[in-house]
Structures are given as structure tokens and as C-alpha cells.
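Only one chain is included here, represented as C-alpha cells and corresponding to the form predicted alone.
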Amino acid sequence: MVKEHNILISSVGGQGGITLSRVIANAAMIQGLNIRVGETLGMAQRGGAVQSHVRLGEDAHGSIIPSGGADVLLALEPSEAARVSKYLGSQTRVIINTAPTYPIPVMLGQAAYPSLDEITGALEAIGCEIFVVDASRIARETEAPRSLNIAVLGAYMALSEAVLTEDTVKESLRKTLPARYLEQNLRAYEGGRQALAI
């Protein structure tokens, strides 16, 4: 029985963070787990910050993860991992997609984007265990360029403490995603899983 397992997904609009939370939530329901989901959306639908809080287990009450309470952070964009640091603690395992999505001020030269080393250093100072994966590249190489979110899901499933089963995740992918995109998403999932097999 799962007591509590908190998964935080940080992304920018258009990366599929909300879809990823739906896939995880549906897998949890198929598995018979108690599930709570909460989302915060940025002002812009595409490019704005998006956070999805997915709480699994009998002791998961409320839809937002308490400060310092995330067991896993799935960061679809590097700088978004730093944005949600208040939810992280020494127990948090962090999977970061290494490919940045630069905001407009950075592209215009009006702001600086932190390096991956700066981002991971800040998270390591909290005590997080960091795993980096180029999910964007995996998605492209598996001919699923819009499926970096599912590649990150595959990486999460490679971690030893993933509470979901392989069967329920794949069933959720079949039930949640459009059928015409299922095969390419399964390829992205396997690519992410292989990239982080430990």
C-alpha cells in the first residue's frame, strides 16, 4: 500500500506538462491508488510557467504538495526546476530535461538564462538527487518531437521508487493519448526509460 508519493511536474506552456499529469493520474486510478491533482498555470498558455502537483497514496490529502514535500520533480524545462524549489527537499529526486526553452526577454538579450550547472547546483544545495536527460533529443530521435513529456515519464519509471507499474502506465498511455499518436509516444517512453535505466 502506498502511503504518500508526491510528484511535481514543472514545465512551460506547450510542453505537455498537464497531459503528463493526466497520464500519471489515470495510471494511478487504474492501479487503484488514491489520487489528488492540482495545477497552477502561467499567464500565457504557451510559454508561461505550468506546475502540476500529482499526489498518490492514502495519506495524500489536498491537491497541492506541501513545501519541501515533493518526492520527485519532473522538470520538462531546466529553469522551471529552480522556480519550484520551495517544494523540494533532501528526499527529492529530480529529473531535468536539459533542453531549455528561452523566454522572450532572454531571446531579446534583456535577461540572462542560468546555466544547467547553476540550476543543478542550486538543487543540490537543497540536497536533491539530480538526473539529467535530454528528453527533447530523445523525442526527436524516436520521431515523436512533441513527446518530450512522455520521454521524461519513461525516465521516471526507470527510478527504483516509481510507485506505478509498467502495465498501468502503458494502459494509461493507451487510454489518455490519441490513438494516432500512441506508437510514437511509446517509442519516446522507451527512449526515456533506457536513458535513465539505473
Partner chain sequence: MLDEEGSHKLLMGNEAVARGAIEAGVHVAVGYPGTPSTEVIETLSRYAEQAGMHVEWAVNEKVAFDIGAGVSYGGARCLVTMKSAGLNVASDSIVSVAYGDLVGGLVIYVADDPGLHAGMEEEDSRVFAALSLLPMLDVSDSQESKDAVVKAFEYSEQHSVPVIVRSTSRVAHGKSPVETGPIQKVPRKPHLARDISVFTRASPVWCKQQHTRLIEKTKALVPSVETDFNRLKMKKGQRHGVVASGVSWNYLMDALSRHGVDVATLKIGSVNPLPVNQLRELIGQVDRLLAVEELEPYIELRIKAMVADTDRKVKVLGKQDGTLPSVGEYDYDLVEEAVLKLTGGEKRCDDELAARQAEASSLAPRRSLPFCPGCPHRGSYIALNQAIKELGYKQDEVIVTGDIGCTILGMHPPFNSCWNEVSMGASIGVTIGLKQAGVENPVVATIGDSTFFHAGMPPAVNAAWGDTPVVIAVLDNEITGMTGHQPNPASGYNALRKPVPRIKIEEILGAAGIKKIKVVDPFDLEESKEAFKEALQHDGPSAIVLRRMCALVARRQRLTGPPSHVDGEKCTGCLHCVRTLSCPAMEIREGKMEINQNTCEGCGLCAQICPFQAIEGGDQ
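Residue numbers count along the first chain shown, from 1. All figures in this text were calculated on a predicted structure; none of them were measured in a lab.
What comes next is about the form predicted together with its partner chain, which does not appear here.
*Asks:* Quick check for you: of 129-137, 149-157, 59-67, 165-173, which stretch puts a non-hydrogen atom within 4.5 Å of its partner chain in the predicted complex?
*Replies:* Of the options given, it is 59-67.
*Asks:* Would all three of 184, 188 and 195 be in contact with its partner chain in the predicted complex, where contact means some heavy atom lies within 4.5 Å?
*Replies:* Not a single residue of the candidate spot has a heavy atom within 4.5 Å of its partner chain in the predicted complex.
*Asks:* Wondering, does residue 93 line up within 4.5 Å of its partner chain in the predicted complex on heavy atoms?
*Replies:* No, residue 93 sits far enough from its partner chain in the predicted complex that none of its heavy atoms falls within 4.5 Å.
*Asks:* Can you tell me whether residue 101 touches its partner chain? I mean in the predicted complex, with a 4.5 angstroms heavy atom cut-off.
*Replies:* Yes, contact at 4.5 Å.
*Asks:* Is residue 119 one of the residues lying within 4.5 Å of its partner chain in the predicted complex, judged by heavy atom distances?
*Replies:* Result yes; residue 119 sits at the interface with its partner chain in the predicted complex.
*Asks:* May I ask you to check whether residue 39 falls inside a 4.5 Å heavy atom distance of its partner chain in the predicted complex?
*Replies:* Contact check for residue 39: yes, within 4.5 Å of its partner chain in the predicted complex.
*Asks:* Are there residues in 1-32 with a heavy atom within 4.5 Å of its partner chain in the predicted complex, and which are they, in order?
*Replies:* Contacts from 1-32: 4, 6, 12, 22, 25, 26, 29.
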